[in-house]
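Read the single chain below, which is given as structure tokens and is the form predicted on its own.
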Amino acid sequence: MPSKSPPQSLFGSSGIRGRVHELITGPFAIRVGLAAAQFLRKNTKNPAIMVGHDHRTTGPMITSALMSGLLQGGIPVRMTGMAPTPTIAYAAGKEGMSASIIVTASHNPPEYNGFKFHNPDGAGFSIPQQHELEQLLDTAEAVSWEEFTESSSYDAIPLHIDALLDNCEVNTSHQVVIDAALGVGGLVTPQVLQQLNAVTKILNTPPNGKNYARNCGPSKIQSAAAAEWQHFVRLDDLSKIVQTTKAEVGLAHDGDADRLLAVDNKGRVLAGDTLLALMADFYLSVRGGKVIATTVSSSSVVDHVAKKHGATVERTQVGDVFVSNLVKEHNAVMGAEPSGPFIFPEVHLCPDGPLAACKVLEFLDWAKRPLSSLVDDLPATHLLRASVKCSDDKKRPVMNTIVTVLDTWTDIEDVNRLDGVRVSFADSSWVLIRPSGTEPLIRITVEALSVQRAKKLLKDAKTALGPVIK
């Protein structure tokens, strides 16, 4: 049984996030900067850091406070301003920075903000790094004034665009609709795809930190994975435009553009697992390799694709940090999560939405078939996802209790507690119940060969959770 990670009081599955004026405040951002400065001074030679933010209206305030802490801690800062998370992480590595910090809360509502921490290779801070940094939050102090250093500005976007063009080869013109969700992906993806000879229609640009939350719940045609993004993208709008313009594909980013979801040429919003399986098939075909890295929440369809190529699927906890580490550990040809992060290690280990968009066009070039027919060729399983509200302070006792409840279920073949609890049954169906690392939710994922079985498992899981959460 894999060992459990040490408890984290602030870090979730993707950095630190919280509501502005509650957890995320100016004074707290200064403390984060001081802690990061002391951490880098202790662990790296000639430390320097790159800092940027997404389009949230609170970004400049939080970023200024963060930089104040870093500079008080004696660390030179290169400031990118507004840019996608993967853009900042990539540029930090190429410019020889010790780390990068991006002020963002990804797909969370606009009243949230937070911090993502990346190493020079693009991978998020590991659990030991997070733990050490968190312990410094209350102890780190400013250096003497003689050790203060300077900040400088840096435009990271051209460097990232050049890297995407250098690592993507598209020989056919494709018709694409892009939904940038009024986020920072609109600063990179449209320009790159147009240079790759794509005919693009662009929705929801430029970035707008006030209007991006459109209060739209998940629509009937949204995949369950897309429902997590409901604060940013209304994918039924994208679907309709793909159909009316007869585009080959629709591509959607979340707010900080480290994720990508797709709509096929028939207007169907693809589950993240579906796009993962298709990209895995493409990469294993053209690049070889023996491993695809993903999480415990991903569909068994990915295993089917890997088996076709004589490859295996390695799974880890939910969170891009864990997927990046798994890619490194197993020399995986690519890594991804069903919620949209794609990691292509030949470029860097940060989930990169604009890079994933380019790779989708490469895939369509290679396949020479409509996306819808490629989707239809995948094995038919039924995967459903749902969430149940649960405050952060209740997550641990809820999970401790639900494990004992699930132990009473029948026909169990395997129980995996790597991340929450995943119960597999003799009929190849499975249920995963795990606490969200970014929101006050318990997430449920089920998969079965029939829709009736999947719906029953989802209903049973919700029924089991009901009295436990109360």
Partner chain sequence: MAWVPEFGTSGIRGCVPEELSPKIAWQLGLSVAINFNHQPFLLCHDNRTSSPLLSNAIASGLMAGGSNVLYGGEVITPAVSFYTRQQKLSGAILITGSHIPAHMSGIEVLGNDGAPVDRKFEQKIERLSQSNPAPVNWMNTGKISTISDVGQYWVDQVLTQGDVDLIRQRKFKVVLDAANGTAIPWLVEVIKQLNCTIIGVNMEPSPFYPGRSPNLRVKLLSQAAKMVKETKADIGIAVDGDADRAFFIDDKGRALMGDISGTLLAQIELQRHKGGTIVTPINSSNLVDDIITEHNGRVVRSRVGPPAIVAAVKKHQALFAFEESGKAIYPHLNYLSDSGLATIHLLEHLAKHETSLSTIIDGFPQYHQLKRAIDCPNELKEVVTNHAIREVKEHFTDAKVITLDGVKIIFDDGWLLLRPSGTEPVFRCFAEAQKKIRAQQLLKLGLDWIDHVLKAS
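Worth saying up front: this structure is predicted, and the values here are computed from it rather than measured. Numbering follows the first chain given and starts at 1.
The protein also exists as the form predicted in complex with its partner chain; that form is not presented, and the subsequent description refers to it.
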Practice task
Give a yes/no on whether residue 149 approaches its partner chain to within 4.5 Å in the predicted bound form, heavy atoms considered.
Solution key: yes
Problem - Contact label in the predicted bound form: residue 67 to its partner chain, heavy atom within 4.5 Å - result: yes
Practice task
Evaluate residue 72 for contact with its partner chain in the predicted bound form, applying a 4.5 angstroms cut-off between non-hydrogen atoms, and reply yes or no.
Solution key: yes
Exercise for the section: Indicate whether residue 58 is a 4.5 Å heavy atom neighbour of its partner chain in the predicted bound form. Expected result: yes
Fill in the blank from the handout: Checked 30, 421, 48, 405 for heavy atoms within 4.5 Å of its partner chain in the predicted bound form; positive is 30
Fill in the blank from the handout: As a check of understanding, the residue in 76, 267, 110, 345 with any heavy atom within 4.5 Å of its partner chain in the predicted bound form should be identified as 110
Practice task
Could you tell me which stretch in 182 to 190, 246 to 254, 140 to 148, 88 to 96 has residues with non-hydrogen atoms within 4.5 Å of its partner chain in the predicted bound form?
Solution key: 140 to 148
Practice task
Report yes if all three of 120, 124 and 330 come within 4.5 Å of its partner chain in the predicted bound form by some heavy atom, otherwise no.
Solution key: no
